[in-house]
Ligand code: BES
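Coming up is one lone chain in structure tokens, specifically the form predicted alone.
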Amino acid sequence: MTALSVSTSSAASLRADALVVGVAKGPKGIALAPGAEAVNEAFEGKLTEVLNTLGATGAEGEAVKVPSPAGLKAAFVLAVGLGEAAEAGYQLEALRRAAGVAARTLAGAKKAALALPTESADEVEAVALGGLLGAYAFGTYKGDGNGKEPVGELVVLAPRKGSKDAKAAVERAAAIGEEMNRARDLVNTAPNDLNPKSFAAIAQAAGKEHGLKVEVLDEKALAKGGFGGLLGVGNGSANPPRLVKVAYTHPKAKATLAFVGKGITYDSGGISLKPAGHNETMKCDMAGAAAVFAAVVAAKRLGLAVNVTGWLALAENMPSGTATRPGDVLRMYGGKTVEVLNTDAEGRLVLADAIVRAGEENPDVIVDVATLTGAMVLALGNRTFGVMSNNDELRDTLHTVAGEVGEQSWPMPLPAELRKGMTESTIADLANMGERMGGGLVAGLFLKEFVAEGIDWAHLDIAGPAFHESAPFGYTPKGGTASAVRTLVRYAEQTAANGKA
């Protein structure tokens, strides 16, 4: 795992394999970003000329290596692009992405120093977090020598003034980044190794490590409690379902948040089998549960003055002689009945059980996170998640919070007219499918039916950004991304600061 630290040493005097500086597109060619002053002096003020010769443009995602001159103790300088030059300071997301590009480019190095803009604690945190996330690599199944190791250590260079705040910012970045990388590991783990039972065991181990209360309901407890959604989805698998509660409490907390995560450790579609070409990445269908788990652990590590309970609804959706069939009726936790018209609309079934159970503890807010619908990907693309809620203020708050931490989201409606298609079942209270058009919104309306009266609830559909199938960019790797973790953590921080949700 990549180590993070902060230093107030001069960039010129720090011993490292690489020294990272930022460059941007200026009105008259490339411009050096703050933090590169000492490096430029070592180049006798001609660093931009050297970079121009090598074809550097300052574009986002660009990385150009330059051998170090005699005045530097690093082996080489890596110039990373920040995009358009900014006189008033660079956006935090630009710093995260540039640091991420640098860390990924420097895979195999033992130590790298990041001399990027770090005048404020927020900038220090952005650089540290971007670097840690960019350094991520999942090598569990690769043999020795098959791929470079992540950069061993990243040192964030910060001004001497405010060094205490800089150190705290790096520690905060480490807590969030390490938990995001834990979520990425879970998403990337092969489904023959990660099933509901093993996921629950991982949560129990983390609970013991961090002092969290973890409760696990196995298939017998679920049957006794009447969790028909979880049991119905898990019926076809040799790996039975689990409902895991991970609870963090703070003695000074004035508010309680419940985060609910969809944890389908593999989704074949069940009897409504997915077509060829749609199964290969379905190990990622537990990304919502991974995000919730990571967010609760991060809240504990940060010591936030808010109570946060995570509910992981874990099941494997497989076809077999015991699998739930289209046409079956499930009696959900809490008593509602659901006619299953499509067994591939299973995420809403496990979430419904967990939402009802979470509501019994009377939290101030419930937020569920799920790779729920392909319709949301069609609507918003691969990098943006949808936000729905029974409270417009909560929906807008989560959208704003996501933007603050660099996650792309968009507020979505819950049109009342789309509810009708789900309530037209002639034999049950609801059907798990409604109108075909607006499928992502229909799924949100289904979940809303299971929210207790008086509780504010929001739904994050992360089906697009949860699993990245293309080439890495910024600090985002190929594979699991840990989408929504930062949004949940920032919302918990905001709740703790305000003393209310």
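Just so it is clear, the structure is predicted and the values come from calculations on it, not from any experiment. Numbering starts at 1 and follows the sequence shown.
As for the form predicted together with the named molecule, it is not shown, yet the points below apply to it.
To test your reading of this chain, name the stretch in 124-132, 232-240, 413-421, 277-285 whose heavy atoms come within 4.5 Å of the named molecule in the predicted complex. Result of the contact check: 277-285.
Do E346 and the named molecule share at least one heavy atom pair within 4.5 Å in the predicted complex? Yes, E346 sits close enough to the named molecule in the predicted complex that at least one of its heavy atoms falls within 4.5 Å.
Whether N342 contacts the named molecule in the predicted complex should be assessed with a 4.5 Å heavy atom distance threshold; does it? Result yes; N342 sits at the interface with the named molecule in the predicted complex.
Partner contact for T371 in the predicted complex: the named molecule, 4.5 angstroms, heavy atom: Yes - in the predicted complex, heavy atoms of T371 and the named molecule come within 4.5 Å of each other.
With the partner left out here, check for me: in the predicted complex, does some heavy atom of V451 sit within 4.5 Å of the named molecule? No, V451 stays farther than 4.5 Å from the named molecule in the predicted complex.
Which one, A375, A200, M318, V401, lies within 4.5 Å of the named molecule in the predicted complex by heavy atoms? Only one option qualifies, and that one is A375.
Exactly one of M433, A56, V66, A38 has a non-hydrogen atom within 4.5 Å of the named molecule in the predicted complex; which residue is it? None of the others qualify; the residue that does is M433.
Taking the named molecule in the predicted complex, which residues of 1-25 have any heavy atom within 4.5 Å of it? Heavy-atom contacts to the named molecule in the predicted complex: nothing from 1-25.
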